[in-house]
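One chain comes next, on its own, written as structure tokens: the form predicted on its own.
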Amino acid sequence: MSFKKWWLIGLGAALLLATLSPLASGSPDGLERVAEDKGFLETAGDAPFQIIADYVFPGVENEALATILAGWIGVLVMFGAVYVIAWAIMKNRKTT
């Protein structure tokens, strides 16, 4: 199997998980749930910036759909960053 097919399989799996996780649990953010259960959620500070606050895409009424959209955006942003880094490393190896 080619290298690009593995990338596409990984992207598809990540998008599938981002789609299913909000439907599988009412608390898809495990760290926040643990903080809530252990009683120290109130001590958390605000993030220095928020692109999609509370993992909910703004302007979408359905909370599950808004969470899925936020997850897809997160997956695509991280996938793009990792892909560019991997591409740069591979290009550097070919030239040296």
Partner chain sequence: MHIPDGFLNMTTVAATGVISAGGISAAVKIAAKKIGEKQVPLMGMLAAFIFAAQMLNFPVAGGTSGHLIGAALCAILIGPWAGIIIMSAVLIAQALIFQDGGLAALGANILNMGIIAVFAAYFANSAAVSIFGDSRQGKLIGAAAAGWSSVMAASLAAAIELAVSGASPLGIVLPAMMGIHALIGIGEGLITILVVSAVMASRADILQLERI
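Superpose the two forms; the largest set of C-alphas matching within 1.5 Å is the rigid core. In this text, all values refer to a predicted model and were calculated from it rather than measured experimentally. Positions refer to the first chain, counted from 1.
One more form of this protein, predicted in complex with its partner chain, exists but is not displayed; see below.
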{"property": "Any non-hydrogen atom of N62 within 4.5 angstroms of its partner chain in the predicted complex", "result": "no"}
{"property": "Contact set, 29 to 60 vs its partner chain in the predicted complex - heavy atom within 4.5 angstroms", "result": "D29, G30, L31, R33, V34, A35, K38, F40, L41, T43, A44, G45, A47, P48, F49, Q50, I51, I52, A53, D54, Y55"}
{"property": "T43: Cα shift of 2 Å or greater between the shown form and the other one (core-aligned)", "result": "yes"}
{"property": "After fitting the core, V34 CA displacement of 2 Å or more between the shown form and the other one", "result": "yes"}
